[in-house]
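Below you'll find only one chain, the form predicted alone, shown as structure tokens.
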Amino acid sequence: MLQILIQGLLLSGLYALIAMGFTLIFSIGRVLNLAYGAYLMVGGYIYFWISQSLGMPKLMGVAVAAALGVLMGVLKYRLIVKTLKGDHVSVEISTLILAVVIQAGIVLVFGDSSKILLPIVPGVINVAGASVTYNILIATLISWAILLGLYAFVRLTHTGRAMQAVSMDAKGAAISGIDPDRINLITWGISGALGAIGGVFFASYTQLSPSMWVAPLIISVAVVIVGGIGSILGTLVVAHIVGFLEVIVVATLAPELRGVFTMLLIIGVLVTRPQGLFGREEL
């Protein structure tokens, strides 16, 4: 029981980090970025290439992955989202196709076989009788540090308050002197960085493969829909519900059913409470 509690807390922190970038994009731009999982995949592979193939410092691998995530987010906004502004269906289809194209690029460069990403911090610690790897423990602590920093940025900085204004009413924000285009650009950049960093930790928790972008995307959609599309608080709470649900299912039923109950949770919430548990659409 204690091990389930600890593993649930650790996995939930990772899921919250993965889903937060997805939430930001929908809150500000009202767009479901279906290529979001590709950020994670590229982040994981870039970290693998720098830290394991080239033997360079791990911190540099994380930094380069984050920088590439920012670049991907900015380019995607400039070249796709801004061009197709107002047509959300076209944007969502385009981002999904882009994810498949990026997957093909990963296969071309790294091959289609799975790769093991060595733990960022090797070793195991015993917490109240439960074995916890340093890797997932550090990943969770860093996840929470990033999430708290992001929350403070949104609440306390001028840019963060501008992001809140755009998420509530983009036209009203523009009348007040805020440039929604600039805020969207910043948000897509932050989302890309969060996705790439989340991909490094997610790959070290699972493994690298060209199809690894699908599971994080499903987790992100589940967390955002169940929490209430666009709600940061809802994202944090539901990330823990999904994380604990998966740990309990794996521990008590079968690992093969890991994602099944998450999917059933999405359907149940869509049927009974379409606006999500928290039902907010702004940051």
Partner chain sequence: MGLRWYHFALWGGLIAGMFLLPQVVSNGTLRTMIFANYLAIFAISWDVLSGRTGYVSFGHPFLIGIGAYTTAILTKRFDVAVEVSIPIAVVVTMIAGLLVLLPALRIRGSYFALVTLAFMELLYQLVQVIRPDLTGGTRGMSGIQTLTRGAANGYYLSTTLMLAIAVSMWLLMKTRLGTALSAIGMNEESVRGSGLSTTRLKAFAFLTSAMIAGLGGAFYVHYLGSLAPRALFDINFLFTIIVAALLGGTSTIIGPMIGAFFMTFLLEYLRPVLPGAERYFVYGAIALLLYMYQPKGIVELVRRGFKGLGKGRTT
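Residue numbers count along the first chain shown, from 1. Remember, it's a predicted structure, so these values are computed and weren't measured experimentally.
Just so you know, the form predicted together with the partner chain exists too; it's not on screen, but the next bit is about it.
task = Please name which of the stretches 66-74, 26-34, 44-52, 237-245 has residues with heavy atoms lying within 4.5 Å of the partner chain in the predicted bound form.
result = Result of the contact check: 26-34.
query = All three of Val89, Ile218 and Val271 touching the partner chain in the predicted bound form at 4.5 Å, heavy atom to heavy atom?
reply = The answer is yes: all three residues contact the partner (heavy atom, 4.5 Å cut-off).
inquiry  = So in the predicted bound form, is the partner chain close enough to Asn184 to count as touching (4.5 Å, heavy atoms)?
reply    = No, Asn184 sits far enough from the partner chain in the predicted bound form that none of its heavy atoms falls within 4.5 Å.
inquiry  = Under a 4.5 Å heavy atom criterion, is Ile190 part of the interface with the partner chain in the predicted bound form?
reply    = No - in the predicted bound form, heavy atoms of Ile190 and the partner chain never come within 4.5 Å of each other.
inquiry  = Does any part of Ile225 reach within 4.5 Å of the partner chain in the predicted bound form? Heavy atoms only, please.
reply    = Heavy-atom contact with the partner chain at 4.5 Å: present for Ile225.
query = Do Ile80 and the partner chain come within 4.5 Å of each other in the predicted bound form, heavy atoms counted?
reply = Taking the distances in the predicted bound form, the answer for Ile80 is yes, it comes within 4.5 Å of the partner chain.
key: Interface residue in the predicted bound form among Val127, Leu137, Val121, Leu96, criterion: non-hydrogen atom within 4.5 angstroms of the partner chain   = The residue in contact is Leu96.
ask   = Which residue among Ala174, Ile146, Val107, Met168 has a heavy atom within 4.5 angstroms of the partner chain in the predicted bound form?
value = Exactly one listed residue reaches within 4.5 Å, namely Val107.
request  = Note that the partner chain is not shown here; using its position in the predicted bound form, name the residues of 257-271 with a heavy atom within 4.5 Å of it, in sequence order.
outcome  = Contacts from 257-271: Leu257, Gly259, Val260, Met263, Leu264, Ile266, Ile267, Leu270, Val271.
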